[in-house]
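Listed next as structure tokens is one chain, alone, in the form predicted alone.
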Amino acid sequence: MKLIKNAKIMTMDAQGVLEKGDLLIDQGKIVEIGTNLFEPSAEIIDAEGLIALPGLVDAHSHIGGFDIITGAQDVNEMTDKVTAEMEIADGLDPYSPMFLEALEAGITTSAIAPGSGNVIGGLVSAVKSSGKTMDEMILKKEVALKMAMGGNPKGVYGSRNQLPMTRMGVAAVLRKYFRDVKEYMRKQEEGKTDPTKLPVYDPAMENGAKVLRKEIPVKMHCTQFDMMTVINLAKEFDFEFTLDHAWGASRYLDELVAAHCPILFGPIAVAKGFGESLLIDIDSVAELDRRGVECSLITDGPVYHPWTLLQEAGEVVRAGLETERVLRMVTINPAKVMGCADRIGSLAKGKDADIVLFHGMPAESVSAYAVMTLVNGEIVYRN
């Protein structure tokens, strides 16, 4: 049992901000939050002068599956443009140093996705940054089905003179996949009364069926005018989706608001150039938030370091949005998008004790840093 005392607690919950509050933790959960709490058997953590936040949540990452130094990777199965049957958990190394780097930045959960080399890459999982095995670390195994528009699949398959080598080719692959899934589902329905019509079990089709039944959304790597293609595909096949990266969103503000799709923006450290990275317009995040769009910030780790998440948050503050609203983009907003808000993303009684104590206000002070990170009530990082 632990008792965090005298912190400025930003709950990201209905309780708002407690200027001098306490958090009582037991068996990996928050059991009480308030002021002047007392528990004689608890280990006291003195947080005087510190800010307590829910563990940060990175809504789009590949940590544990890529090694930037050696180039090794286990989460980009670029042997077929459609690999919807893949499961990200099978390719992640729980002992990857990337997870420790995430804890140092205060990131306690990441939505880890297959890479974007394929049009359809496989299942995304919500993964905590601490644990001995992947089974222990996975918070939610099926968060979304990863898909990708634009330059990545074009670059992989176009260089082989294979479909898709164009943006219209990417869209055609997606249409064919969803038509195949609908046919698979039709045969399954017929098989309920006539077993001879049941299709052979196909995990790639099963994962697509979860999307069309709206059990999970599509997680779409998407930028620039590809966003409009995705919106039209979603209307055609009636699925829910997030737009990940979303560079160039400022050109489609009205359309994105009307689409009611979450925006997972970033990273912003990419060099402005041509094609995908022509317009890195993080100020669009502030405007979309004002218009009621669920926005989150992402690192695309390990392409960019975990601590860039708070740099991005700082840029949205600089664009004119209030600090607390921006901090929601790295806590409760991504937790909601991942379907995990019942356990993470805010500090409230009954939720997982994933907590970060900061020196300085994140997103507001450039010198802010994590002093201590807890996952499931255990101290897993000390500065």
Partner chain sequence: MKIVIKNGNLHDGRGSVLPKTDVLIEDGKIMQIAKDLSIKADCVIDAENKEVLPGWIDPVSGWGCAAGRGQARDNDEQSEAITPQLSAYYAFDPESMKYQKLYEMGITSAGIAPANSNLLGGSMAVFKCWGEGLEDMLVKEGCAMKGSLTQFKNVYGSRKVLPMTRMGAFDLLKETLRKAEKMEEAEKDEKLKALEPVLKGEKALVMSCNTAADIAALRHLLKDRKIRLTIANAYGLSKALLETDCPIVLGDLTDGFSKFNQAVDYDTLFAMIQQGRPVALSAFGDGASPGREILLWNAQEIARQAAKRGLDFNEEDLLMLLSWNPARILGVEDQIGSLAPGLDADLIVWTANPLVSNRAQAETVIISGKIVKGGNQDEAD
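Keep in mind that this is a model prediction, so the values were computed, not measured. Numbering follows the first chain given and starts at 1.
A second form of this protein, the form predicted together with its partner chain, is not displayed here; the remarks below concern that form.
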- Query: In terms of non-hydrogen atoms within 4.5 angstroms, which of the given stretches 170-178, 296-304, 236-244, 117-125 touches its partner chain in the predicted bound form?
  - Reply: 296-304
- Are I68, I268 and A363 jointly within 4.5 Å of its partner chain in the predicted bound form, each by at least one heavy atom? yes
- Item | Contact residue in the predicted bound form, chosen from C340, V317, A47, A353 - any heavy atom within 4.5 Å of its partner chain | V317
- Scan S277, Q188, S96, S250 and let me know which has any heavy atom within 4.5 Å of its partner chain in the predicted bound form. S277
- Message: With the partner left out here, check for me: in the predicted bound form, does some heavy atom of T308 sit within 4.5 Å of its partner chain?
- Response: yes
- Query: in the predicted bound form, does E312 have a heavy atom within 4.5 Å of its partner chain?
  - Reply: yes
- Message: When the contact criterion is heavy atoms within 4.5 Å, does I33 count as touching its partner chain in the predicted bound form?
- Response: no
- Message: Check A368 for me: does it contact its partner chain in the predicted bound form (non-hydrogen atoms, 4.5 angstroms)?
- Response: yes
- Item | Residues within 4.5 Å of its partner chain in the predicted bound form, restricted to 90-126 and counted by heavy atom | M98, E101, E104
- in the predicted bound form the CA atoms of A72 and M134, compared with here and shifted by at least 3 Å, lie closer
- Comparison of CA distance in the predicted bound form with shown form for I69, R160, at least 3 Å: farther
